[in-house]
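Single chain ahead, by itself, as structure tokens, in the form predicted on its own.
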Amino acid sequence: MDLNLNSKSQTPKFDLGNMEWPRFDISQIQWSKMPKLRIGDSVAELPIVQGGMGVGISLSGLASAVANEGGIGVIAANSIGMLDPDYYATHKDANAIALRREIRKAKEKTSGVIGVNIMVAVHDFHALLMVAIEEKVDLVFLGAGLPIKNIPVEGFRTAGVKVVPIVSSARAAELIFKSWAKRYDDVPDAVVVEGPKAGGHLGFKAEQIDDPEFALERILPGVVAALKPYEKAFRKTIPVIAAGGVFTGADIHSLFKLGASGVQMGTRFVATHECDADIRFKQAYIACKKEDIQIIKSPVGMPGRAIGNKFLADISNGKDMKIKCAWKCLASCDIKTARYCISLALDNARRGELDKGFAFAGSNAFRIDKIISVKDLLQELKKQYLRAEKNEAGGLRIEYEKTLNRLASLRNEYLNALKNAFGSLKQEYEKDIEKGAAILREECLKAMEKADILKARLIGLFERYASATSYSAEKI
């Protein structure tokens, strides 16, 4: 507004009355659906990825059950060959053979979205990638290392396989995407950002695990922001999937508000009937207490989160276990100094022999009190999410109505202030034009600034509401 403050000017007006401020009736909204998760042309009805849990915990049984209920089911390729009794004779080839078999079994059981989790750090990494490409899985999740060099990007694209690296920081995501753009003139299709509350091996230093600065809620927005330039440059949406400690539908809702498009959950899916592990493995989750969940030092040189037991206590006390190594599956594992083979320990646990191994688990495993079906678990998460969304919308509507009332009050205050200012400043203005004009201009600008700020806040509230509910202003 241009304030012409000569003696003949009229009182400036900031007319808020002509602005339209819609009212919302949230009772008309049907709270029935979670948002879908779209990764390229793969669309999951539920934005939930079942985490890949290695050495036989998540195979075709669990993955297909999750996919059939609308989520993304994931088969873990790590040491999957240990399912074969002849593993020690066939060595690394057993992994590729078993992975191919599990992918085919999953596809026979479901037409839903199936992914494979492959560790970058394993020596048969590329052989496992080729199986995923040849079997045309929907997605490959690549963790335990940076998938940068010698990645068969063209093969992925030809087979229609989407690529999803797993990172623990915005820096790692930026490094992967920058390298891909330079090497392959392409970028991955989505990213999983895993926080320090996850189970299994963690991508954090021991001192970072409990540091609030490295919490999932702190690192997630940074990863989302790091991918924005690549979305623009490659003209594609790159969803970020949050992982590590996600336990309830309310957790999912909170992470979505921070920019996530989906979540990855592992621990919750262990305690399902369809999980491929032995019942004794699942019961270890139900029986554990909060103090039982501990951080261990893995033979592969990384910290990991597991449920404490006698096996781990013996290792901590210096006991060396018998090591039977088929082949050097991990470059970071030194068989000469390792006290035990972690793959063998995890496979023993998967088979229910927890006296010879241990169970990896997330930080919230102690909250699980029963084994349920995948269907019931996903329905529970969905209800919790929709309840959180409805509560947020209700609180937002109340805040919005209060703001509208304040806006009406502000309009009157503003006009009265201008009227009073002109009246009280008239004589002073005639005596000292320069001084009076300066005071008057300051009063007007302050009032206008306050109104503009309020207007921007209301617009922001409206956009947030519309985005949260997927309803437009015309529908409300």
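Throughout, we count residues from 1 along the sequence that is shown. What you see is a predicted model, and the numbers here were worked out from it, not measured in a lab.
One more form of this protein should be noted, the form predicted in complex with a small molecule, which is absent from this view; the next part is about it.
With the partner left out here, the small molecule still marks one of 289-297, 377-385, 225-233, 241-249 in the model of the complex; by a 4.5 Å heavy atom cut-off that stretch is 241-249. This chain lacks the partner; the member of Gly357, Gly200, Gly81, Gly71 within 4.5 angstroms of the small molecule in the model of the complex by a non-hydrogen atom is Gly200. Although the partner is absent here, Gly266 lies within 4.5 Å of the small molecule in the model of the complex, judged by heavy atoms.
In the model of the complex, the small molecule lies within 4.5 Å of some heavy atom of Asn117. Under a 4.5 angstroms non-hydrogen atom cutoff, the small molecule in the model of the complex has Gly362 among its neighbouring residues.
Though the partner is left out of this view, Glu194 does reach within 4.5 Å of the small molecule in the model of the complex, counting heavy atoms only.
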